[in-house]
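One chain follows as C-alpha cells, the form predicted alone.
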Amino acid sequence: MELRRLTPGFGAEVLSPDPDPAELRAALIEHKVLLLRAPDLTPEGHMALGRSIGEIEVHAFFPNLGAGYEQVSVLDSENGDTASMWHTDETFLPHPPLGTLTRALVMPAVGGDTLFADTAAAYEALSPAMKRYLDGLEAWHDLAKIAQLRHRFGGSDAGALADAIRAERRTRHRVARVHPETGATCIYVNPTYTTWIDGIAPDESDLILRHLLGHVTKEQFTYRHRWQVGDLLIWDNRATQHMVLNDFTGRRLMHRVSVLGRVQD
C-alpha cells in the first residue's frame, strides 16, 4: 500500500486505491491518522470500512442517519455539532472507541480545519521525573463536563445540567495509558471530558492537568488537516487527540463512524 507522510512524526495519506483492510489497519496503528480521498464513498461503504477495523457503534449523543444507518453519526455545524475543544472521543466510557472515521460532505470556503495531537510522542518528551510521577495515576472522565461548559456559557439550563450529572456517564482511566497494540505509553487526559486526577489534592490535580494539556498540544506533536469535500480521515483514538477550529462561517457537515473499543483497549 502506497503512503505519503503528512508530518515527520505521524499521519499518512493513503495513495493506493481500494486498500487492503488488513494493510489499512496496520497503517492506522503505525501512523495514527490516515487520510483517504473518498469522494464517492456511500454510507454503506463508510460503515463497511469501519467494520473492516472492528465493531462499529451507535454514538452516545450525536444524531445519525436513521434506520439502517444508526452507526453513521451526523455532525452538522448548523445544529451546533462542532467539537471545538481538544478531546479524545468518548473517554467517559469504560472502553472508548479505538478508532474514528470522519468524512467531509459540506465544507465552508475557508476554515474548519481539524487539529490532531500525537499523545505518544508527547508522553515520550516528558521528563523522566514527570513520567515517574504519572505512573499509576488515574483521572476521571465525565460526559457531564460538556453540560457544565454549556451551562456556564449560557447554552443550556440548570435542568439539563442536573440531568447530565444524574446520568453518571463517567469512568476512570490511567493518565499515562499503554496502547494495547504498540505498547507505547500515551497521555490520556483531555479538556473536554477529564475532570480531575484521582487521589491527589485538587490544586495539585489542576496544576498537573494544566501542564499536560498544554504539553500534548505543542506544535511539534500536532498535524493540521485542511479538509476537502470527500476527504475521509481515520484516526486511532488511543494515541491521539483532536479538535475542530471553529473559525468559519457557512455550513460544515460531516459523517462519522466509530469503531468500538474492547476491554484491552
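So that there is no doubt, residue numbering starts at 1 and follows the sequence shown. What you see is a predicted model; the values in this text were computed from it and never measured.
Note that the form predicted together with a small molecule isn't included here; everything after this is about it.
Listed residues Ala83, Leu105, Ile165, Met130 were compared with the small molecule in the predicted bound form; Ala83 is the one with a heavy atom within 4.5 Å. Between the small molecule and the residues Ala144, Leu134, Leu75, Val72, the one pair within 4.5 Å by heavy atoms in the predicted bound form involves Leu75. Contact check for Val14: every heavy atom lies farther than 4.5 Å from the small molecule in the predicted bound form. Looking at Val244, you'd find a heavy atom of it within 4.5 angstroms of the small molecule in the predicted bound form. Although the partner is absent from this view, Asp118 stays clear of the small molecule in the predicted bound form, with no non-hydrogen atom inside 4.5 angstroms. Interface membership of His179, defined by any non-hydrogen atom within 4.5 Å of the small molecule in the predicted bound form, is ruled out.
The candidate spot formed by His87, Trp227 and Trp235 lies fully in contact with the small molecule in the predicted bound form, as each residue has a heavy atom within 4.5 Å of it. Comment: 227-235 is the region of 50-58, 200-208, 227-235, 27-35 lying near the small molecule in the predicted bound form, near meaning a non-hydrogen atom within 4.5 Å.
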